[in-house]
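A single chain, nothing else alongside it, follows as structure tokens in the form predicted on its own.
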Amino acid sequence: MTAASPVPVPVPVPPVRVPRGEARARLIEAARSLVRHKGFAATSVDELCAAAGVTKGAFFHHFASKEALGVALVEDWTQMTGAMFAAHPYNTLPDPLDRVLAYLDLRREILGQPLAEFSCVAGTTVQEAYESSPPMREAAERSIRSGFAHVLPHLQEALAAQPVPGVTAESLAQQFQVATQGGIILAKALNDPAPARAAFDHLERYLRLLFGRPVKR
């Protein structure tokens, strides 16, 4: 009778250390995904650390609290989206209204992603924390206001060339955020991106009528 072969003892695998300087960025990236899927309140520090592959010690090294991470998350979102829209080719079109309409085309294109992936981090967090966390509300306000800048200079140029009584570029730029944020809320409530797309379609019709452009059929 032959002796049984010894059962190999698994060699412990040391945890992978996040390269120096990457922990903060990984936590923000993990938070961006988790918050868009679950919301800010439902996302725990433990989940954030697990998703980012960092320790709790690393979390609290970079952020004094979960609220501090929330502020950093929204600020990072503001910078990231601002850079994306500023670099898009719609900004180079000769006609200012064409730039605005191309911006709406880009917004509709973004709606082709899964619902959580086209939701706005600032809009999501401010709905939860507008009263419970003034720092997060203020960060979201700065982010939403920065969204005005995606179209504001183009609207100013369009209205300078063709003034419309009672209409300001600032009020129109704000309406773009009303359509964006409201459309996302409806899309979440109905689990369907169609209402968000319709909000942009209605906004485009309004702009075309306002500036005397042919309305798409």
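Since this is a predicted model, take the numbers as computed values, not measurements. Heads up: residue numbers just count along the shown sequence, starting at 1.
From this point on, the text means the form predicted together with another copy of the chain, which you will not see here.
Among 105 to 113, 78 to 86, 139 to 147, 91 to 99, mark the stretch whose residues have heavy atoms within 4.5 Å of another copy of the chain in the model of the complex.
Stretch with heavy atoms near the partner: 139 to 147.
Using the partner position in the model of the complex, report whether A25 sits within 4.5 Å of another copy of the chain, counting heavy atoms only.
Heavy-atom contact with another copy of the chain at 4.5 Å: absent for A25.
My question is simply whether S171 lines the interface with another copy of the chain in the model of the complex - judged by any non-hydrogen atom within 4.5 Å.
Contact with another copy of the chain, yes.
Please determine whether H154 contacts another copy of the chain in the model of the complex, using a 4.5 Å cut-off between heavy atoms.
So H154 does not count as contacting another copy of the chain.
Considering only heavy atoms, tell me if Q162 and another copy of the chain come within 4.5 Å of each other in the model of the complex.
So Q162 does not count as contacting another copy of the chain.
Any residue of 173 to 192 with a heavy atom within 4.5 Å of another copy of the chain in the model of the complex counts; write them all down in order.
Q174, Q175, Q177, V178, A179, Q181, G182, G183, I185, L186, K188, A189, L190, N191 sit within 4.5 Å of the partner.
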